[in-house]
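For reference, the chain that follows is the form predicted alone, supplied as structure tokens.
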Amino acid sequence: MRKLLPALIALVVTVPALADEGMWTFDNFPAATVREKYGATIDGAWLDRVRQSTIRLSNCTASFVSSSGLILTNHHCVESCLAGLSSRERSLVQAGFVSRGRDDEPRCTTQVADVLQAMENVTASVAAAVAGLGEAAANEARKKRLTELEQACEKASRLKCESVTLYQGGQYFLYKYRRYDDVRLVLAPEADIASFGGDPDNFQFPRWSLDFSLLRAYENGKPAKTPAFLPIRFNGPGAGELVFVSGHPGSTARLDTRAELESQRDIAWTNWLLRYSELRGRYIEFGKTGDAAARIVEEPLNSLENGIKVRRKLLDTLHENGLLESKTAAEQALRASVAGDAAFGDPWADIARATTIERELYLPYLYLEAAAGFNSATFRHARALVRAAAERAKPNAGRLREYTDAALPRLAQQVLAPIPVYPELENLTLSFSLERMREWLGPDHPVVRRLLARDSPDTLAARLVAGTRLGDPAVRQALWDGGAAAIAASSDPMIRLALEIDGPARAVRKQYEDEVEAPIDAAKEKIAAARFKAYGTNVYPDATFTLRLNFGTVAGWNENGREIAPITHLATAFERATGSEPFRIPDSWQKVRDTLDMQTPFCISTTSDIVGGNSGSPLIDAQGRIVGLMFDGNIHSISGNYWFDAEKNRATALHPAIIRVALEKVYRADAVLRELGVR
């Protein structure tokens, strides 16, 4: 076994160099590997321009594609904006939207666009703050120090500063963003073509989904000046061509321990799938009750169906013996590399003990603090208002992290946005979540007993939804401005509910933080130190919805003996169309069908290492031009949360040629084309 351990360590270090794997931070991109493997030179100027052109939206990635703030991203990344601009009578998700001038670009009220300006390593400062403290005290001190660093950074820089944990506590950074909080809609195709193939085609390839939209960043009421942008190479890439993805992958668990993965397998994903598979059925039945209901539920149903498919595959992956066996081997190799050093102890055992406690706290935390028992837009507003009032009265460094001065402006934007609230949908989701809370916590749990001693989930939900006025943004504004006094005086039933469960929710949160989060974080910092000692920074950190860069090629793969070509074409979309959703091509495309080149490339498959959050990321060539728009991956890519399968893991991008056809032939967006440099 001892002879095998050095080989295992070498394998861990060299895998990223052998495959197109890795979500690399911009300050540690393996440019030498790219030069050696592909002959391309990626220098500091290239990295700076790409970084300054890449945008983090609130839910996805995007990029500037003109000097006037024009933003390219996915259609599914703007669905919530489209839904917020819709009504019972008219769905922009279905109808699409084409602006005919900049005065005609409506604001996406909850969207922001962040552009990374600088990264500052603050690991030493955080380490000094926790030195010599026990696990729970260190956890509190770490959060306090990060809040202080964010506050000082924002005062000094006037940028949006966020603390970032890398390598699971091995490094701490401040990421400094320029934030655009006025983001407006420019163009979105109809859902029928944007999500052609719907859920059956989701995470599949070949694909024919026109999953793109255009936004624009504004400053002081005018289009933002954005001299750093990425030009679009509309002829796209060829098979085998080197490509890069700059984006914000949401989260991965590739550095998690085996004990953590087993906890996810046994508790988190199983419970999630049980709850949301049933909710999906209720959404579908609700949507069948009428055209208005179908419009109301469309956006949340699309999101939920995507989530179910992801978590089903994640659960399947965690049942693969090979994954857990490889995790055990990697842990043994890392343990051997620090054997005999008493400073490291046995952090893997510490995490295993903490996950045992987590299994006991999971359901109370989920239903009370994570609010799975109160699935309602107006309840989410109520909790935010109640807690914001309470937390703002405290010193900034002593608040819950989501209510610090750095976080409050974004929270206010979300709480006060004039997004429509539909009581019938509120009734559905709230009554369902109350049912599940009673089922999983039990009818004798103190909170369940208090809420449902005289009510059923249906009657309580109906009373709360009928009585609340929090669907009115003016009411929310008054409560936000009025603070603790206004909250205390409010008779709104959702506010009273949020106040009633706040104590039990905070209690289970504190217990979870002290007994699960604190020991796991402390153990992970030790494992990170061991990893740095053995490997340095030759490995990349897990995804954290922060800016990353990866490299790969345009390539298909072999699926059960069948070669999958890496590029699809428009003709097949029309061949697959049935005239009924989700295989319906909208009238706008049918009307101009005879003018279209059926050999226009549509979608691209690449070896890019991406996960959720990379949606909307630009696919870039070695010259720094956009040659595609990432929007999905194949079914094998979902397991990329835990590991990268170089043979079958593929990402899916929209080809820029079909974007040009859409703008030029279908939507007649001449001004946009001129802005993109097409004459």
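What you see is a predicted model; the values in this text were computed from it and never measured. Counting begins at 1, following the sequence as shown.
Below: the form predicted together with a further copy of the same chain, not depicted.
From the list 137-145, 434-442, 76-84, 235-243, the contact stretch for a further copy of the same chain in the model of the complex under a 4.5 Å heavy atom rule is 434-442.
Although a further copy of the same chain is omitted here, in the model of the complex none of Ser163, Arg401 and Arg450 has a heavy atom within 4.5 Å of it. Exactly one listed residue, out of Thr578, Asn558, Asn121, Ser251, brings a non-hydrogen atom to within 4.5 Å of a further copy of the same chain in the model of the complex: Thr578. Note on the partner interface in the model of the complex: the residue among Thr595, Gln599, Ser491, Thr289 having a heavy atom within 4.5 angstroms of a further copy of the same chain is Thr289. Although the partner is absent here, Gly281 lies within 4.5 Å of a further copy of the same chain in the model of the complex, judged by heavy atoms. In the model of the complex, no heavy atom of Lys155 sits within 4.5 Å of a further copy of the same chain. In the model of the complex, at least one heavy atom of His319 sits within 4.5 Å of a heavy atom of a further copy of the same chain. Not displayed here, a further copy of the same chain is approached by Asp199 to within 4.5 Å at the level of heavy atoms in the model of the complex.
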